[in-house]
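Quick setup: one chain, the form predicted on its own, written in structure tokens, and binding and motion questions come after.
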């Protein structure tokens, strides 16, 4: 990530965006090519790798572990819910500005953003699937094993391997794909009487289930305001020209699940509404494309298993 940009470069980028011709030949609304691969880490419950043409490379893993439920002492909320614990770390080798403690603020910002957006979940089992999609997240009640005692905890860890702009979008696409790939072992709970319960985790590799609500998880669309216009999927140089940044979280129904503004510049109300609407439309299109790729990969794996063929993954070191 370059730290400086010359006035000539800035002027070139600004005038190009105004004319709807960006420095790399894209238009303002164009994304670069995105490469997605799931199941790349065998020791996890789910994993994914997302690469954006131009440099950004993110590896996301999900590990499901059993732990105590967290109950709010004031409201009592959380007794029947599982948990999602997020962590984002930028590798020092990804960019010069990530060396030493240079990435600490960015790591904290991305971790808090992911925790806030992914924890905005539906826990009411009576809510229909269409309505629960509006919450934009996972059904945490389905992660509870014994109310008030034990639950599944999903540890979502993202590692930024390389940086080429548009980091937020890549992290959330990777998180959605990794949770989509996650399988959680089934459990059997026995009532011992007198309010005592015990449970057993089934060790059959085929006796697992997907995370309920995975299809309702949001992704983020980052819109960068440069001059009087806004663009998506900004390159590092375009990010240096950004006056204001708006991150819009949207689910597959096109519903707004969250938003966050960055940088010091302001956004006019009319432009803000335009950016939000554009982010919702773009996010919905991206999710359809990502889900089609995930389904294609799942169908190919299923066909191999039905033929008795082993399913081999290349791993995240493959190119």
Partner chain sequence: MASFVKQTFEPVVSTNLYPRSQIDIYLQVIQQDGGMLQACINAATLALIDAGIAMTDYVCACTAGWIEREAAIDLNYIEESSDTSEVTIAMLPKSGKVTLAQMESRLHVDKLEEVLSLAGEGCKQIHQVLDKTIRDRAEDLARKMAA
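Given the structure is predicted, the values throughout are model-derived calculations rather than measurements. Residue numbers count along the first chain shown, from 1.
Keep in mind the form predicted together with its partner chain is missing from the figure; the text below concerns it.
Select from the listed residues 144, 103, 240, 159 the one whose heavy atoms reach within 4.5 Å of its partner chain in the predicted complex. Only one option qualifies, and that one is 159.
Find the only residue in 99, 207, 200, 77 having a heavy atom within 4.5 Å of its partner chain in the predicted complex. Filtering the options by heavy-atom distance leaves 99.
When its partner chain is placed as it is in the predicted complex, which of 225-233, 190-198, 147-155, 84-92 ends up with heavy atoms within 4.5 Å of it? Only one stretch passes the 4.5 Å heavy-atom test: 84-92.
State yes or no: in the predicted complex, is some non-hydrogen atom of residue 271 no more than 4.5 angstroms from a non-hydrogen atom of its partner chain? Looking in the predicted complex, residue contacts with its partner chain do not include residue 271, since no heavy atom lies within 4.5 Å.
Looking in the predicted complex, any heavy atom of residue 287 within 4.5 Å of its partner chain? Contact with its partner chain, no.
Quick one: is residue 59 in contact with its partner chain in the predicted complex, heavy atoms, 4.5 Å cut-off? It does: once its partner chain is placed as it appears in the predicted complex, residue 59 has a heavy atom within 4.5 Å of it.
Distance check, residue 41 to its partner chain in the predicted complex, heavy atom within 4.5 Å: Residue 41 belongs to the contact set for its partner chain.
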